[in-house]
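In the structure tokens that follow, the same protein chain appears in two forms, which are kept apart as structure 1 and structure 2.
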Structure 1
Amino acid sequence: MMDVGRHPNIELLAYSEVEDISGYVGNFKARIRKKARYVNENECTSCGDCVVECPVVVPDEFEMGLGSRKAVYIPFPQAVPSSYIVNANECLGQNPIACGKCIEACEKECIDFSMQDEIINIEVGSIVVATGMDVYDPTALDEYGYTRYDNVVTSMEFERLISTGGPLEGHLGRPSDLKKPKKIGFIQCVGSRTHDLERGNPYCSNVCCMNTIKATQYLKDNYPEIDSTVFYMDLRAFGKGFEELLMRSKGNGVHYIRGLPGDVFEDQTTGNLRLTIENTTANRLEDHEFDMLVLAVGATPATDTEVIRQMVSLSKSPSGFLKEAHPKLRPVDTPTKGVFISGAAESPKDVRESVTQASAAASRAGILLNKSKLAVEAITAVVDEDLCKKCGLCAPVCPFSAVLWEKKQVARVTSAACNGCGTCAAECKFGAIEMRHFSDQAIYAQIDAMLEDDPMHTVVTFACNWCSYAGADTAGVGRMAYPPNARIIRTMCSGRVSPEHVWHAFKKGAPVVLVSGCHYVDCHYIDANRSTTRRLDGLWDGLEKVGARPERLQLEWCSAAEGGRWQTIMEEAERKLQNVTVEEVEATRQALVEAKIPGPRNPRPKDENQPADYVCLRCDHEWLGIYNSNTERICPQCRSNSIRWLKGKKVPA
């Protein structure tokens, strides 16, 4: 930690938050808010004179609320930067007339209530996301009595209680009376490995077994008279030196009992805790009494990770932790070029694993930064100035502001800023924007080829590169079988799919067309897939107008991790396919010869957040919802995203 503070190449921005990230690999711009500390961190010598005078006493979060601190404080003795800070929400002295005692106490005059938040704009070539994990809050698991009994603590709280730097200065005592406990029980898997999502998470939190084993051995080393018992369902001691530590702990007399307690009761006179467990190795019921119980709480994705995740368009795994680009081959890369993940943001990790992954991420980022120039994939948009009608529809749909347009001017593309999603090309009614390598001609050729031989057994499927195509890959890796009629056209984004492409497919005799992309929160082009929904709304209206069933056009969002969802999507598409007749396809083909290609149905500002009638084109479920162009539509009944917005067509009550 100290090394960070004094490293000449590191600018440490503590008490700071990233507010915005824009740009692309090699050329990111970030806006950082450095919050006012009200103490000049360069001048502060950590003498502590201010603390003595501060009259405000609050629970100390570093001590998990088991100790107290003042409103002016240093987070912990070894803090980096080694500077005090005033918590403005707790302090009385923002009006110095009210208090201001710390200002008077500080001889170096470091305390300055006029200090303001500072906005720092930086430019970087790569980003490492190391936002860590949060600790599971066991309040929901009421049977363990965490909120009711003083002597039931979490593993993090226990960590502070045994710490020589903690509130008890290394003299372990239990919270109710500070007496040294004689018997301590540890309950494992609290908030982990459960299928009841209101009472924890399905995954293993990875660190809790070893943390408990460590704690019991630490107790044996320092308080050999304390008797420890661990209640577990499985002990996972899989790393280097882990099994050895477990054996040492067992050898020192720590009891390990397979079985988790149902209820915990407090003896009100002694403050002791009683529990009954089913010892599943001995096959008997046992009663136990402890002076203190420690809940080995699991890990959860850090809430702040979600903010950063959306800023740099990363995906998340079903567990909520960040998803890596490839589980084996690119474990610290992300789908967003130039952004790497490190540590517990990716999955719960201990210190050694976090450090290992950090070095990997630094190495990957360093490889990138060592280059003076970087080749950008040649998939960018190009405007044909002769075809451009100067209408300007393309510019506002670009998520990266890479398409520039002024009145009576042809559109221009800043290719270095273009990420190649193609939503501008799909928006252009005049075919004036071409995507390099994902050209309209290529897409039409693919549609023609797939419908040439056996159209009635073909689901024309558009899949975006990042999520739905990768979701189909995941289905493959998981050997999740589905009907063999899908033919996939890969585009970088579902926003590349223009109404013309879909119309062309139906004209060529497609029984069913499926458009698929990332979930709204996962869109790799910020919000380009919102345009997909607008276009599908228009296309569903257009199909209905020519007498074709709108449900023959399906829309689904599927993440790279959702192989099972892809399987379901394909099974449902097959079900639709089975219901389409040759006559129906022919009738649609005839009807489309003359029909105008439907443009997108654009919501008006007054539509936002207003009641809207929806119908699911997979299961026919109809309901009244709220329209919001930035909220993913999903059927409450079958979880499909083929949700048509029936504007002006009331759903029957």
Structure 2
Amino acid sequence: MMDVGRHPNIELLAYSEVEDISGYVGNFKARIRKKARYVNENECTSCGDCVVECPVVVPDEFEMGLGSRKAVYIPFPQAVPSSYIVNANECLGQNPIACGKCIEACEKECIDFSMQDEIINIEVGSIVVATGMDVYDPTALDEYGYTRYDNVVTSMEFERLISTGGPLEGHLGRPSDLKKPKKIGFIQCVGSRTHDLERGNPYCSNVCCMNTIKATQYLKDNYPEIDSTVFYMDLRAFGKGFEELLMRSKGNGVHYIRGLPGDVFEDQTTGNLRLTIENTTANRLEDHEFDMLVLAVGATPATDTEVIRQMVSLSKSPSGFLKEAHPKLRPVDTPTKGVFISGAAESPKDVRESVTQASAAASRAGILLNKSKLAVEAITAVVDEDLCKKCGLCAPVCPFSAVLWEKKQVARVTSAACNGCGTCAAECKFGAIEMRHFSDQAIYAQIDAMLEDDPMHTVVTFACNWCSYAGADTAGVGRMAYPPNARIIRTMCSGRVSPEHVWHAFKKGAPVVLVSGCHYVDCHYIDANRSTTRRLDGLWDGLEKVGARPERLQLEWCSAAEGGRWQTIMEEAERKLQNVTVEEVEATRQALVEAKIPGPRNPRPKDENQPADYVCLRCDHEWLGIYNSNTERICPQCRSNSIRWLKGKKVPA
């Protein structure tokens, strides 16, 4: 941090927090609250005279509550800038001044209780999210006695106890009586690798095993007389030099016992801790007694991760950590363009991994900022201003906040922020939003073509590009045989599938319609598949109202690697297909006609009895539409934009 503070091209805003982020790649706007320190950081010399006079004593967060600090303090020894902060919630000297001793003690007159929080607005081209991680609170695991026994500590608390800069200044002692312990036990995977979500997390926290091995080696190097025992499920020493350190620890006499203890009890006389363990390697029950017990607690997402995630529209994994765009090909990118993640914000990491990913994120941001122009995918949404009814339904469903809408204003799409999922186009009830390359015209044309011949043996399938469609490819590459009746319509996201697409398929005689997308917590477009679920809930209700069986409309989740699952989905769709009769299909078609279910909403193929609105200068294709000079029209046949507006003019036969 000292190097960062000295760097001429880095502006370090310490004791500050980001309140809001808006904009898009290359044009982000951030509002930052720089909190009042009540100490002039430029004048403070860190002499500490104010600390001596301050009468308020509170637990020190940096020391994990094992030490104390004053209301005026430096957060940690290497803090930048190296100046004191007055905690307004603990100080006695404000509104009205009831103390003021720190002011009298400061010869430089650095303390100023009239300071106010400062709001800073900045514009940036890219963002790197590095919120870090927190440690698991083992209070829920009461069988280990963490809240009941003083000599049961977490691995973080043990780090402070053995630190030369900690509360005991490097002289190891147990919390109850500060005596040097003779036997120390370490319990692994506390709060990790459990399916009881009320008592822990299902994932491995990555750093716990090596942290314990390092601690045991430190004890052997500095206190060889202390006996250390580690209780574990299994040890994961997969990094460079990690296995060698584990072997060194075992060679120095550290005991490793495979098995986790149940209840822990304290001897009221000595303060020692007793536990019973099932040694699964030796296949026996063992009783152990320790002077001190260390719980190797796991990692959890930082408390402010969710707030930042919502500000910049990021995905999160089931564990609560932020999710990368692709775990192999884009490990530091996010679905939001111009936003990168690093360190433990993405998953629990040690220092080496965090530094590596931070360097990668900085490189990715630097590459972006060095470009004079930014190339974006052409698959974006376009708003037809003449058709827009200013309802604003499209803006809330956009996972990237790319649709801008104000009350009684026409919606607008920021192309640089749009990732082309198509959720807004499916949400628009007036056909005012078109998608480039995945237009409604193209989707309707595919539905018509696949149901033109032998529709009773066709499963109309909408598959998202990133997972389901790729999963079908995986099944094909793996030579997994499945019924060939599925006809796939590729969309960028399952959220692109509008109710009109499904109704059109049923009106054309589709016996079964399948919509498939990414797994619910694994959407490439953050949470766009939530809209898919909501729309299909409405479609299932609609099918019941017209007397059709809802199971004829299927919703399945499949990832790109799940070729076997795609095979199962296709076999299930085939079974549904075999149970649908011609009479049932005809009854559904007739019911939809009588119910006046709306059909295609966007430009239609040309009616021979009406003049064309557009004609393609490249392939001479003609079709109807609504003119808008601000909207780029694309030929639905050859995808060319070489078109001519012919409204009101007869086209020669």
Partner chain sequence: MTVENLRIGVFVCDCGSNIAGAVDTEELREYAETLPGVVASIRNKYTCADPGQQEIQTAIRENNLNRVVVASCSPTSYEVIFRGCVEGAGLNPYLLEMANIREHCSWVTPGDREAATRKAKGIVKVAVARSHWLYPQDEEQVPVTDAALVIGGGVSGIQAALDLADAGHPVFLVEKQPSIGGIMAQLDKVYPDIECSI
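For the two forms, the rigid core is made up of the largest set of C-alpha atoms that agree within 1.5 Å on superposition. Here, residue number means position along structure 1's sequence, counting from 1. Keep in mind the model is a prediction, meaning the values are calculated, not measured.
Remark: structure 1 matches the stated condition (the form predicted together with its partner chain). After superposing the rigid core, the Cα of residue 114 is displaced by less than 2 Å between structure 1 and structure 2.
Comparing the forms between structure 1 and structure 2, the C-alpha position of residue 61 differs by less than 2 angstroms, with the core used for superposition. Superposition on the rigid core between structure 1 and structure 2 places the CA atom of residue 205 less than 2 Å from its counterpart. Shown is the Cα shift of residue 375 between structure 1 and structure 2 after rigid core superposition, which amounts to 3.1 Å. Here residue 541 exhibits a Cα shift of 9.5 Å between structure 1 and structure 2, evaluated on the superposed rigid core.
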